[in-house]
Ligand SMILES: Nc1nc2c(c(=O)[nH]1)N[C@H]1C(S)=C(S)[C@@H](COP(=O)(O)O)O[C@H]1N2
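In the block that follows, a single chain appears as structure tokens, in the form predicted on its own.
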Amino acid sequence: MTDSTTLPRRHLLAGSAAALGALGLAGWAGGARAQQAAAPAAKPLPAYAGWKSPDALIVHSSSTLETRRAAFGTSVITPSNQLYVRNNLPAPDAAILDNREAWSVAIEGVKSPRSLTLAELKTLGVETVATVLQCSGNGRGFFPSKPSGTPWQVGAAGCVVWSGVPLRNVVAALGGLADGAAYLTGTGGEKLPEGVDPLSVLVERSVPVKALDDALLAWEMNGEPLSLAHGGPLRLVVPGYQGVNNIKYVKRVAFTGAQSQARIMSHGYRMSPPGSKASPDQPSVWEMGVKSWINGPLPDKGALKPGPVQVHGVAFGGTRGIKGVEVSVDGGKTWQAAKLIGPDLGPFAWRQFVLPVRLEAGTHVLASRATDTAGHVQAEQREENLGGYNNASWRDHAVTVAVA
């Protein structure tokens, strides 16, 4: 194992696995009603995720499972059996887990390129990091334009603990980066459909090479061997970046001078203006921004009784930690500082917050607004875009409750 004194302190979690729970999620004024109205009929869990809790998940399709708001509690770590699933291709055959240690990944763009098995990777160091894992389309369901794709509300996110080898250790073991490396490119190991251009379906994403500082080749999640549903036996984890960049079943990691030509990179997951067509010159969905939402109280259990209420939720800053959170009980007219609670698991994890308030009879719009450690404040409005990506609007994520 790598000597812990050589690792950045923000990556080391003392006893983080002890807090295995989930956090409640909530929507904006009218958002809860919209979700209920749009909720599909109950569908069975797909076979590769059959071990998950059916009561905790909305099955949109065989490749898109969303965590129900009511399934979340108040603990910092999201249990694996409640965590959302988003796959761009069908999951590989479960047989790839039969001999995890033999799984190999090609490392390219280094001075001594070669393939390494999982068993070999485990000799190069171990690190544990907690991150928010979030689909870049989380919050798409709040867009009035109704972009194509799964209409996620807030359930395409969770906070989990990964364990694996720091990618920087692997690079160092192979002689360092080759000249001209500008991007870290990960390639998934899904089986590609026959008869189509591989680049049209290949799951391959590039992120700026600076992500190497924190990236992990992970074989465990929440203290257990990585499941097929979440990318086992090996996943590229890029802390602070949207989920699509965290490549499941990773078979290749390359340090390249240019971004991948796969369509999921060149045209997919781009911040394309409404009415336009996606193109490589538009910003890619990379780092997450500062974001928060109210977890409770929720509007789905009827009216609350007048009196004291603990307004609570979660906040995260992508690649930065959270400095503070404000809460409003009147739709953003006035704000009060909330208290950050629970363990601080580092800059890539989310923080819990709470504000005790007294709610009188009537209708109350509860909202939260986070500020990260660099001073960036959560935006009031979403950034309109063709794909419904990167929605961090505090107004969209507010929740309306009745008190009677």
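Residue numbers run from 1 along the displayed sequence. Nothing here was measured: the structure is a model prediction, and the numbers come from that model.
Below: the form predicted in complex with the named molecule, not depicted.
Of the residues Phe72, Tyr249, Phe316, Tyr241, just one reaches the named molecule in the model of the complex with a heavy atom at 4.5 Å or closer; this is Tyr249. Proximity to the named molecule in the model of the complex, defined as a heavy atom within 4.5 Å, holds among Gln282, Thr123, Asn88, Thr117 only for Asn88.
Taken together, Tyr84, Glu190 and Arg235 are fully in contact with the named molecule in the model of the complex: each brings a heavy atom within 4.5 Å. Contact annotation: Ala229 falls within 4.5 Å of the named molecule in the model of the complex, judged by heavy atom distances.
Using a 4.5 angstroms threshold between heavy atoms, Val327 stays clear of the named molecule in the model of the complex. The closest non-hydrogen atom of Cys135 lies within 4.5 Å of the named molecule in the model of the complex. By the criterion of a heavy atom within 4.5 Å, Val203 is counted among the residues contacting the named molecule in the model of the complex. Note on the interface: of 253-261, 182-190, 72-80, 94-102, the segment with non-hydrogen atoms within 4.5 angstroms of the named molecule in the model of the complex is 182-190. Contacts to the named molecule in the model of the complex (heavy atom within 4.5 Å) from stretch 255-286: Tyr269 only.
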